[in-house]
Ligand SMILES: C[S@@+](CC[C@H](N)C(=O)[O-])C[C@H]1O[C@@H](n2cnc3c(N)ncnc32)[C@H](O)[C@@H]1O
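First comes one chain, alone, set out as structure tokens in the form predicted alone.
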Amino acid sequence: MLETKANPNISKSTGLPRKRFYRARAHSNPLSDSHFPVPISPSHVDYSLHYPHFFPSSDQSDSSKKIQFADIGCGFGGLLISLSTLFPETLMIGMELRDKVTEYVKERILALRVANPGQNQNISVTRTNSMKYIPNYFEKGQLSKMFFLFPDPHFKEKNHRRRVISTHLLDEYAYALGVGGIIYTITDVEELGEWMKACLESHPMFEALTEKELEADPVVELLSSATEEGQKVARNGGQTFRAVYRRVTPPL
């Protein structure tokens, strides 16, 4: 999936893809039908295509190493790249619906691997619809972190069903997250921030992290600084609204 190929859109000076050739609409409709390959089950995800450093062949049946972090709607991959150095032995994947953006992240990861041998081998990206196919990629309790950074606010009330955080979708995320796993959300839209927090607060399988826990988590500061969208908000002096919750066992 991340095989090397000549690409005229790569900058000769930096070796990185030039973003202007991969521009796409800010968001896509997650309820529309898209055509891309989807694994039948988590056991059909070919890790060798995503992480050849860790999986030289497609036979991974005996390996206990699995994807642990999922960046939902990963955009241009800034968070993945920042997390890669913080957790170099943790496999993580970006899940993005827009085809041009997905291609950009693939090329960016490849270029970084070439420029920095031995680094960024633990990150990858796939084009998919996370609102439909989470169970196709992850086993029950497989993930330890999920990220939802600056998602589409879908302002119109009739389109709220397209929001990536909702009560029924949290059931699927709770399935994929192990007990103790964490969901990170952030937005610059106050109403959406309140919506996501309310959904998480009312769900029996999630509880909010305390302020002390948030301060101790090195990932939290990346939520507003690692992504292109977060950097844009900071440049414009905008506010952000964060909700970080832990997966728990529901009371009997």
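In this text, all values refer to a predicted model and were calculated from it rather than measured experimentally. Don't overthink the numbering: it's just position in the shown sequence, from 1.
Form predicted in complex with the ligand: not shown, discussed below.
Student: Although the ligand is absent from this view, report whether Thr185 comes within 4.5 Å of it in the predicted complex, heavy atoms only.
Tutor: No.
Student: At the 4.5 Å heavy atom threshold, is Glu103 in contact with the ligand in the predicted complex?
Tutor: Close contact is absent here: in the predicted complex, Glu103 is far from the ligand, nothing within 4.5 Å, heavy atoms only.
Student: Although the partner isn't part of this model, could you tell me whether Asn120 comes within 4.5 Å of the ligand in the predicted complex, counting any heavy atom of the residue?
Tutor: Contact with the ligand, no.
Student: If we define contact as a non-hydrogen atom of the residue within 4.5 angstroms of the partner, is Gln142 a contact of the ligand in the predicted complex?
Tutor: Although the ligand is absent here, Gln142 would stay clear of it in the predicted complex, with no heavy atoms inside 4.5 Å.
Student: Tell me which stretch of 206 to 214, 45 to 53, 221 to 229, 189 to 197 has a heavy atom within 4.5 angstroms of the ligand in the predicted complex.
Tutor: Correct option: 221 to 229.
Student: Have a look at Met92, Met146, Ile109, Cys74 for me and say which one sits with a heavy atom within 4.5 Å of the ligand in the predicted complex.
Tutor: Going through each option in turn, the one that passes is Cys74.
Student: Within 4.5 Å, heavy atoms only, which of Met131, Ile81, Ile165, Ala176 is in contact with the ligand in the predicted complex?
Tutor: Contact with the ligand in the predicted complex is made by Met131 alone.
Student: Let me know which residues along 88 to 110 have a heavy atom within 4.5 Å of the ligand in the predicted complex, or say none if there are none.
Tutor: Counting only heavy atoms within 4.5 Å of the ligand in the predicted complex, the contacting residues of 88 to 110 are Met95, Glu96, Leu97, Arg98.
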